[in-house]
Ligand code: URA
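Single chain ahead, written as structure tokens, the form predicted alone.
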């Protein structure tokens, strides 16, 4: 690697554009230019003198890295793309932030709870990489008084996005509530597991990622992660 130069994907992530993986997708999709020319290779080396833009917007230099834990409300989406004027983005909850924030992974629109928000693409990529095998725990409220048969059915797994998955653990909390831990984190995985067991999901909240707990943080509120919490979530 040339002295003073870095891979394009790493430079984009350092500038807070998105996670390293998401930056690679932006490059593959032809949305990144270097000195006015579309660049399709994430491994291309760039330096301080190169003019880099994403969707025509010049990127800034490396930002101060920030790390937030948020109790996401229902109705907000984990995206930086606004579908229409009524779309509510998770990043709207950080109106005074000067950094280009994005969520680490996703929760669907109707799911509440723990999500991390940052501008550090390397940190985000570490967390979402499958090799980490980080467990996520959810609290679901359903329309039934849960029976032993329901718990067995949930534990037996279901087909999610063409792959058969089983939860890491299932535990009844009270009459209609259950805690479910998963490793895969596929889209709508927990909802599909519950529906396959014949249960209607009334509400769903993520309460843990790795060793990091949501705790008593109010819905819609956020705070900065401590250094200890950053290590806890990466090394539960």
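Positions refer to the first chain, counted from 1. Since this is a predicted model, take the numbers as computed values, not measurements.
In what follows, reference is made to the form predicted in complex with this ligand, a form of this protein that is not presented.
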query	finding
Proximity to this ligand in the model of the complex (heavy atom, within 4.5 Å), stretch among 25-33, 168-176, 189-197, 40-48	189-197
Selected contact from 119, 111, 142, 71, since only one has a non-hydrogen atom within 4.5 angstroms of this ligand in the model of the complex	111
This ligand: the contacting residue among 134, 107, 90, 104 in the model of the complex [heavy atom, 4.5 Å]	107
Exercise: residue 204 in contact with this ligand in the model of the complex, heavy atom 4.5 Å	yes
Contact test in the model of the complex: residue 76 vs this ligand, heavy atoms, 4.5 Å	no
Neighbours of this ligand in the model of the complex among 160-178 [non-hydrogen atom within 4.5 angstroms]	none
